[in-house]
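Have a look below at one chain only, the form predicted alone, in structure tokens format.
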Amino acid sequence: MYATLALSWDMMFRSGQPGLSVAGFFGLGGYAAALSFLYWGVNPLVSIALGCLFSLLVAFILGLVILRIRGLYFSIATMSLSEIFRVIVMNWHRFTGGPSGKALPSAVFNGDSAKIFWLFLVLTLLTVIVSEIFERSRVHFALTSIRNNEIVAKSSGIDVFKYLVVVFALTSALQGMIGGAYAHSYAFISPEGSFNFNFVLLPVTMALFGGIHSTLGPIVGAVILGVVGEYLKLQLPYGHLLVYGVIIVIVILFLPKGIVGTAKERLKRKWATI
């Protein structure tokens, strides 16, 4: 789950736009999937796909507006989306259950942990495939050009706004997809649980720790910090997020390219001296 969130955040960040709406679309997809199953009897797997499509649609519409701003203002605007979605859900009592949330009749696959693991693995592999398509197509060059110099990208004929909207919608869809799977795996949704800030802080930390602007980096960061995070929750139940904050500072200061980026750089230097 965290590997998918970290990788989807990184895909948007490859354009130079630090979006912080991960928790918002994660929760939105979770609610869309859970409520479509609860009220309309949609198959759980189909409802996860619906959560993905709903997040895609909402992100596309909102992207037409918020992607006209850049940098810090874009980060603030995207971060506020999570709070807006949470407030709407909390006040729509009859449909969403309000602050108390909604319990589903049963978890996906009747709670079979092995099948749920394979479900998350498949969704993660799907995200990896999308990331690799980004890396091996003209999208990679467009996003890199936008990140390096937006004015030069425009003068080269790149439709900057179109690419940003498409990438924002696709990455939000991936976040909604994994949010739907999360909701079904626990058979419960709530505003505090689905739109939790942890779903922003942890994926961003994992991507930075592993190495940004790549497929492998966020995956490595998610695996390492995922294990460390579970240990910290047991040892520091109310302070583990502080440790993540410290990790972000250390990585930015001493490993700006993350573990994977730093390792690649050192290997290049080593081969250059041989």
Partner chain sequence: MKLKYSTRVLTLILSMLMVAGCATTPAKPTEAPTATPTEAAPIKVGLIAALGDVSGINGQNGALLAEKEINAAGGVLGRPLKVIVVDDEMTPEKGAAAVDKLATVDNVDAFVINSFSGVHMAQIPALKKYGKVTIVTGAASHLCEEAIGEDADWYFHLHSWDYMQGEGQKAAWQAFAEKYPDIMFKSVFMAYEEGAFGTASYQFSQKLFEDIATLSGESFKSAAMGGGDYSAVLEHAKAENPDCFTWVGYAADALPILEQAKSINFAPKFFVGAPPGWPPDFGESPLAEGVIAYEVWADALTEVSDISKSFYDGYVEMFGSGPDNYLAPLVYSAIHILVEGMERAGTIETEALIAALEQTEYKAPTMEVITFSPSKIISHQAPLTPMLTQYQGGKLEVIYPWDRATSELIYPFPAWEGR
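Positions refer to the first chain, counted from 1. Model, not experiment: these values are computed from the prediction. Between two forms, the rigid core is defined as the largest C-alpha subset superposing within 1.5 Å.
Only in words, not in the display: the form predicted in complex with the partner chain, which the text now covers.
Among 223, 247, 45, 57, which has at least one heavy atom within 4.5 Å of the partner chain in the predicted complex? When the partner chain is considered in the predicted complex, the option within 4.5 Å is 223.
Options 47-55, 30-38, 61-69, 208-216; stretch whose heavy atom lies within 4.5 Å of the partner chain in the predicted complex: Only one stretch qualifies here: 208-216.
Residue 168: touches the partner chain in the predicted complex, heavy atom cutoff 4.5 angstroms: Looking in the predicted complex, residue contacts with the partner chain do not include residue 168, since no heavy atom lies within 4.5 Å.
Against the partner chain in the predicted complex, would residue 114 count as a contact residue? Criterion: heavy atoms within 4.5 Å. Yes, contact at 4.5 Å.
Check whether residue 121 has any heavy atom within 4.5 Å of a heavy atom of the partner chain in the predicted complex, and answer yes or no. Although the partner chain is absent here, residue 121 would touch it in the predicted complex, with heavy atoms inside 4.5 Å.
Hey, in the predicted complex, is residue 198 touching the partner chain, heavy atoms inside 4.5 Å? Residue 198: yes, in contact with the partner chain in the predicted complex.
Within 1-24, the residues that have a heavy atom no more than 4.5 Å from the partner chain in the predicted complex: Heavy-atom contacts within 4.5 Å come from 1, 2.
If you line up the core, does residue 244 shift 2 angstroms or more at its C-alpha between this form and the one not shown? Yes, the C-alpha moves 2 Å or more.
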